[in-house]
Ligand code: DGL
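Before any questions on binding or motion, here is one chain by itself as structure tokens, the form predicted on its own.
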Amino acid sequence: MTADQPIGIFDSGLGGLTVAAAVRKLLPNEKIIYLGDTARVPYGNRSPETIRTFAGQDAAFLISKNVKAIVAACNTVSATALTHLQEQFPGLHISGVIAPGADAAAGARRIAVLGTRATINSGAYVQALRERYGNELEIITKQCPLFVPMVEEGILDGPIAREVIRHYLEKIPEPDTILLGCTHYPLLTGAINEHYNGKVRIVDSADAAAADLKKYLEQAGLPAPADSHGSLQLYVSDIASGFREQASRFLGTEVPEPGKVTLTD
């Protein structure tokens, strides 16, 4: 591996662009190649075998682009297929979003993990938190299935967002820390913070994954040179109506023209 190689990031769709945005902010000199498997999104309702197959195809595509590290910016892949990917592609650093998110929750006493049904049902965040902090940490998990379509429709604040957030969060004991266990959810940080009147710490697994990647690159001697110009290449397996608007929402800026790819073994 060399420092001037790009970083690969993939997700089943576009939500992982929040991770790409966090990486760009933290590592502005890096070249990033992002793959969204938009033709087969979501992965959460697939069998573990199918998820591992799809994730392997995603990683293989990024490896064909000569990346120096890969971030699986997908909670479903992180919960179901990360170990498989690391075994399938030894010698390449492949990280996810669950372990970094759990690491970033240090100091919590009562934590609420918000996620999709698939992620919460996997138990991956609970396992990661228990491994780090034992049984003294009180963990609340909450499935918030309406958050994803709400974000994809651009409903990030206002009365509808407040009502949906209230619907889910008023039913759980008030935590001191919220862990956002879905790459869509960072776009709702402001509305969730408003619900708790700013009294709850919010841990963004996208920011945590970017920090984890930065730590790895520094330890491996692979950060991009300081005079490098950061860039983003975007690839998807399908381009749906409204794609550019939705992708720009996740990335926080205009997106480059995407390349369309067919993913196979």
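Note that the structure is a prediction, hence the values are computed from the model and not measured. In this text, the rigid core denotes the largest set of C-alpha atoms whose superposition between the two forms falls within 1.5 Å. We number the residues from 1 along the sequence you see.
One more form of this protein, predicted together with the named molecule, exists but is not displayed; see below.
Picking from 83-91, 135-143, 161-169, 180-188 the stretch near the named molecule in the predicted complex, with a 4.5 Å limit on heavy atoms, gives 180-188. Within this chain, Gly56 is remote from the site of the named molecule in the predicted complex, having no heavy atom within 4.5 Å. Remark: Cys74 counts among the residues lining the named molecule in the predicted complex, judged by a heavy atom distance of 4.5 Å or less. In the predicted complex, no heavy atom of Leu234 sits within 4.5 Å of the named molecule. Shown alone here, Tyr43 lies within 4.5 Å of the named molecule in the predicted complex, counting heavy atoms only. For the options Ala108, Ala128, Ile192, Val148, the one in contact with the named molecule in the predicted complex, meaning a heavy atom within 4.5 Å, is Val148. Every member of the trio Ser12, Thr116 and Thr119 reaches the named molecule in the predicted complex with some non-hydrogen atom inside 4.5 Å. Comparing the forms between the shown form and the other one, the C-alpha position of Arg117 differs by 2 angstroms or more, with the core used for superposition.
The two forms, fitted on the rigid core, differ between the shown form and the other one by 2 Å or more at the CA of Pro149.
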